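Below: one protein chain in two forms, given as structure tokens, structure 1 then structure 2.
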Structure 1
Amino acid sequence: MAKILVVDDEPAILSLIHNALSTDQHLVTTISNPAEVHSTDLGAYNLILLDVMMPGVDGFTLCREIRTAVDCPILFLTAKTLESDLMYGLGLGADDYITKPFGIGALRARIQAHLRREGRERRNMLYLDPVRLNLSGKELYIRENKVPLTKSEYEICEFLARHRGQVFSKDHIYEGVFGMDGDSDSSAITEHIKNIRAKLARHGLEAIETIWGIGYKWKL
């Protein structure tokens, strides 16, 4: 099951896609006005479908605007078949395109193929509501508030967040964050996590859980 956003100005197309993808147990959100896209939580979606030819803001423009904020696959729905148009769209950061008119079976298969490949590493942002990690800038935000973490504290948060739900010992966290050539030892992890918890608690958040006798996990 995946969360999928579909943006198209044609209600009939939105209804068709919603019904088809819901059959595969996906949670589908549809938007007919592209201007509303920026007000939604884009990081919550596993895949985004954008129509190219829309009034006001076209799909190419929308893709360019949101690509740096999301790492999930972006697929174009397009009646444009010129190779130059398609290459332009892919150059903006889209992962694929589906030409109109399309068959429902082909649409479902193409989306499933992209979702299966979506184990790729996140490059720009990692969203774990209400936490947002800016992976390139090495910054952690709670909602819109930047949390002042040290480099080591941030790296520990990113390591646990990338593997949320998994439990890691202090030794495993130390090796995953600092490598085998680190100049300290795993006992430093306890102090780092104590400091991280204190900083997150100022924003009313408890993100790191202790599993007694084993280690720690990111629980959001």
Structure 2
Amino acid sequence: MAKILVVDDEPAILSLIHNALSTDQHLVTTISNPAEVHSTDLGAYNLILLDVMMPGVDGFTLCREIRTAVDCPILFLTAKTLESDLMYGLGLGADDYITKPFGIGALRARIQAHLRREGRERRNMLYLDPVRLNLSGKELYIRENKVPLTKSEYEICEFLARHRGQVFSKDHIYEGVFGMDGDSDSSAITEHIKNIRAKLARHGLEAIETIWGIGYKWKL
């Protein structure tokens, strides 16, 4: 059971989808006027279906706006069958691109697949090639060797690893890991980074990169 938002200007399609998804026990909200999307609490939905060609508003633009606000799956539902449109749409951050006319069974199957994926992601393991994070057990392994980390050290690793490739300042890391204010001297982060590095280095691993003047990032 999931909360699904459907945006399309054709009432016939809306009701068709509404019926189909309701039989799958989903809570479906339909919007026929794209302008209403901005006054909607997007964060409340688990999945969003979006038409591309609607009067007044471009679905692609709408997708870009929605994507900045939420992380849930966004599925395009469109009559534009060109490969270039698909590439453009998916490039905007959408997760699927379904062309009309579509089989209602196919739509349901695709939606189920996306929702299933969302559930799978929340499982408690994070593989970053030689490194494995046991999120529920708060443990870090390198090739089956458990690396003893203190709580703070582990939390910093998890934070960086979850956002691998992204750079964070020390203040940002402090805030992301321990929450709230950075009045505490964030140079404590420097110290933790040093210790983490020393422990990972024993296994010949160099996972944290320092971006001079900006911060650190997980580079695996």
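Take the two forms, find the largest set of C-alpha atoms that superpose within 1.5 Å, and that set is the rigid core. For clarity, every value in this text was computed on a predicted model and none was experimentally measured. Here, residue number means position along structure 1's sequence, counting from 1.
Between the two renderings of this chain, the form predicted in complex with the DNA is found in structure 2; structure 1 comes from elsewhere. For Leu135, a C-alpha deviation of 2 angstroms or more is recorded between the two structures after rigid-core alignment. A displacement of less than 2 angstroms separates the C-alpha positions of Arg67 between the two structures, with the rigid core held in common. Taking 2 Å as the criterion, Pro11 does not count as shifted between the two structures: its C-alpha moves by less than this amount when the rigid core is aligned. Core-based superposition between the two structures puts the Cα shift at Pro148 at 33.2 Å.
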